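Only one chain is given next, in structure tokens, and it is the form predicted alone.
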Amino acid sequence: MKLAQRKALVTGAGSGIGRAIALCFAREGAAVAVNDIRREGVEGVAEEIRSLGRDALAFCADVSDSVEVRAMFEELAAQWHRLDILVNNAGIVVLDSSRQQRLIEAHMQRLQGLATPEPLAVSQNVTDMEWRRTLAVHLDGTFYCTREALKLMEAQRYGKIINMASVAGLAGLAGAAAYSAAKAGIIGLTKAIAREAIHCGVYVNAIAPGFIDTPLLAEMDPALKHLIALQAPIGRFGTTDEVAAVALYLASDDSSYTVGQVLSPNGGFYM
């Protein structure tokens, strides 16, 4: 087992990629603390982990709130006295139906070789609340959790921090300015802290998935999902288990010479 005796915390683990990573780590021998803003989600995943014979903690906390994050880490430290692995996975996607329809129309026009004379009118209609909430959950949340994890990891002279970025942060995605900005920020944060923390034996890296079939995309128009899938040479969305496999590599000793990197399982969407 690659993570025997390790203690891990995965944020946004109530479903989707976070759940897949938490269960993957548990199967590889780790005790796993799961966080989500939805209590039923974290408690359900914690029970799944215990059914695998591993210790589990469940934390219902909003990672965009530094007070809640600090309290979560204080409780974790009181219970486990250490933390070996942190996966900053919590995230949200905000894209209403009218903006989705504009993107579908623009994609169809491009595929047909037609010009797009009318503005998409997507980013110009993003509200202050959408912008701030997206950056707060993704970027602030990643920083707040990393800040608390470093207090434990640097003292114990060991740790693995894995931040969830996205191809949106590498290439930019039309219609997702706030999301792209947040994910690009996570990549910059990853590289900066990686240079700093490696001196204490703390490895910091990021994963930048392409389009993965998760509950976050459940509300996306099926036509838009199909068009997006066709843009990747592999011709499909990725699975949560495919992302979890990358997280396992970064969490294990297999990645002992991997520092400040962005690994991108994206099916060829971005090369």
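Residue numbers here begin at 1 and follow the sequence given. Note that the structure is predicted; figures quoted are calculated from it, not measured.
The same protein also exists as the form predicted together with a small molecule; that form is not shown, yet it is the one meant from here on.
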query	finding
Partner proximity in the predicted bound form: residue 90 to the small molecule, non-hydrogen atom cutoff 4.5 Å	yes
Touches the small molecule in the predicted bound form: residue 260 (any heavy atom, 4.5 Å)	no
Exercise: residue 217 in contact with the small molecule in the predicted bound form, heavy atom 4.5 Å	yes
4.5 Å heavy atom contact, residue 176 to the small molecule in the predicted bound form	no
Location of the small molecule contact in the predicted bound form, chosen stretch of 123-131, 193-201, 157-165, 75-83 [non-hydrogen atom, 4.5 Å]	157-165
Whether 15, 61 and 209 all lie within 4.5 angstroms of the small molecule in the predicted bound form by heavy atom	yes
